[in-house]
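Two versions of one and the same chain are coming, encoded as structure tokens; call them structure 1 and structure 2.
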Structure 1
């Protein structure tokens, strides 16, 4: 008798569970089930390492300290204070990286916009010319940097070209002079990534309303007036987006610096990525580098917000 009652109770519980399960599933949208795997991967790949880095930035842990990273001595904001007020090499690398970002992105956006305007009109062999322009972007950054290393050697083609232009032998130490070494780094970045700006801006130009452009031309607008009053305001969002994407990317510049100068002579061309590489993988100051990474994140965030501010004001005014 007891066995029969227990069996009936078990069947009742299973029947109730089977009635509940469809109800719970129906309340969860199917789209949620589709993104669950991606969220799990995101949590494991992004969130956990970020929290781990944040914890490390508040400690003094190094791989050679003899303790696990979660057992490291907690020292609050000591790493951040040291970076901001006691590490002149870090501050110099930060300012140097900002210089490369400002100069490099300004040159790339200027050249890219000029080329995009040039290719805005149709002409023979246009597709072949576009393919030739975007070719540098397809080259591996290490190969591009190695090519510029050969060009800017003391006995390389660049010095030979300068000798022909000035009419007497010259030998600029492009890669070993602290005042000149930054030039090849900037040139290789500008040469390789201007095509990206060109493509983005040309895409923005192709999406412009042709009726407005034809009306302006019919009313007698010059090319400069057409560009300043119609084209530039309309493609401003594309320009700002290009600036943001390229600025964030160039902040991470490493390959050209490593191949061309190794951050030298001395530390005259050391960027943030090069500084982190040395401190993290040469001196094993992992916690210190983690703190530097969060400071750089704040700097990049402030830089991006500064770029987006005019666009935000314009959007607010249009509303």
Structure 2
């Protein structure tokens, strides 16, 4: 990181040479000083532990092993190999997390976009309706998970509603049936974050060049043609952005799993974060978890780059 700072300052000198900051000439170090406090915090709390974790992931260290972490026994990539090829439970958690990401994001974006389109036109009470719909995203996630826990209990209102719908008593064991337990977890994510997608996409829709839409209408486009040929291509960058941001967030899913099922029953709802929590804080397999953390980071980075690349290429072309 030190190297980065040094590189940054030379870059700044170049920046001045290019005249990006004229008044800077008189205060060469000023620009660097500005980011020092933030940098100290990030270095000590994020970058240092990350580097430490990189070291640990190459060792077999646990707190119970009796040696200091920096003296741990080095074992190359053994942890990674074990994770990828030997650990069924880890792989299951990884796949489960990916499933939650795909289903959750798809649902959030499609519902969010539909809702945003509904709110594209003006109608009475629109502001109040928006305020109501975005309420879930403001709830403390732990409280949201608890609320869903209450809803999905055997004797909770969800079962009662299902009963009213099907017409005879049912008792789905939502939280203790290993096939069903994933449903409330997904639902609480969708419930809490669809409003964000809705708000993002609505903001995007409102920012669309109004005259392009009007032009399409004046040229005779039907409602569907307007959506398909004009709105969708224009809103695509916002959709991709939503996709990236939500995917990254859901990848980290922890609070609802911890509150609703703690990964259970068995390991049927165990996600990556839950897996890491159990292995790290319950079984103290620190080195092993560190390796898993790096794998996950790589997966997330690859995912983000994969999605963002076509987007940035397109915006570059438009400049």
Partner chain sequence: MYQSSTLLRMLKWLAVIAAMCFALFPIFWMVSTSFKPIQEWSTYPPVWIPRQPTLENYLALLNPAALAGSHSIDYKVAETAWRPLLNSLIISTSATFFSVCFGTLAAYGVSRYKSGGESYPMFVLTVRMFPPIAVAVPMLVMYSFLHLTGTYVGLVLAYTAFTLPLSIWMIRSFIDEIPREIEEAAVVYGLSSIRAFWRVTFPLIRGALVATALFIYILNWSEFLFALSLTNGALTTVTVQVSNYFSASSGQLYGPQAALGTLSTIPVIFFGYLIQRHLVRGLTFGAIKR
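By rigid core we mean the largest C-alpha set that fits within 1.5 Å across both forms. Numbering follows the first chain given and starts at 1. This is a predicted model, so every value here is computed, not measured.
Undergrad: Two copies of the same chain, shown separately. Which of them is the form predicted together with its partner chain?
TA: Here the form predicted together with its partner chain corresponds to structure 2.
Undergrad: With a threshold of 2 Å on the C-alpha, tell me if residue 63 counts as moved between the two structures once the core is superposed.
TA: The answer is no, as the C-alpha of residue 63 shifts between the two structures by less than 2 Å after core alignment.
Undergrad: Determine, after fitting the two forms on their core, whether residue 266 shows a C-alpha shift of 2 Å or more between the two structures.
TA: Residue 266: C-alpha displaced by less than 2 Å between the two structures.
Undergrad: Align on the rigid core first; then say whether the Cα of residue 47 has moved by at least 2 Å between the two structures.
TA: Yes; that C-alpha moves by at least 2 Å between the two structures.
Undergrad: Determine, in Å, the CA shift of residue 37 between the two structures after the rigid core is used for superposition.
TA: It moves 3.6 Å at the C-alpha.
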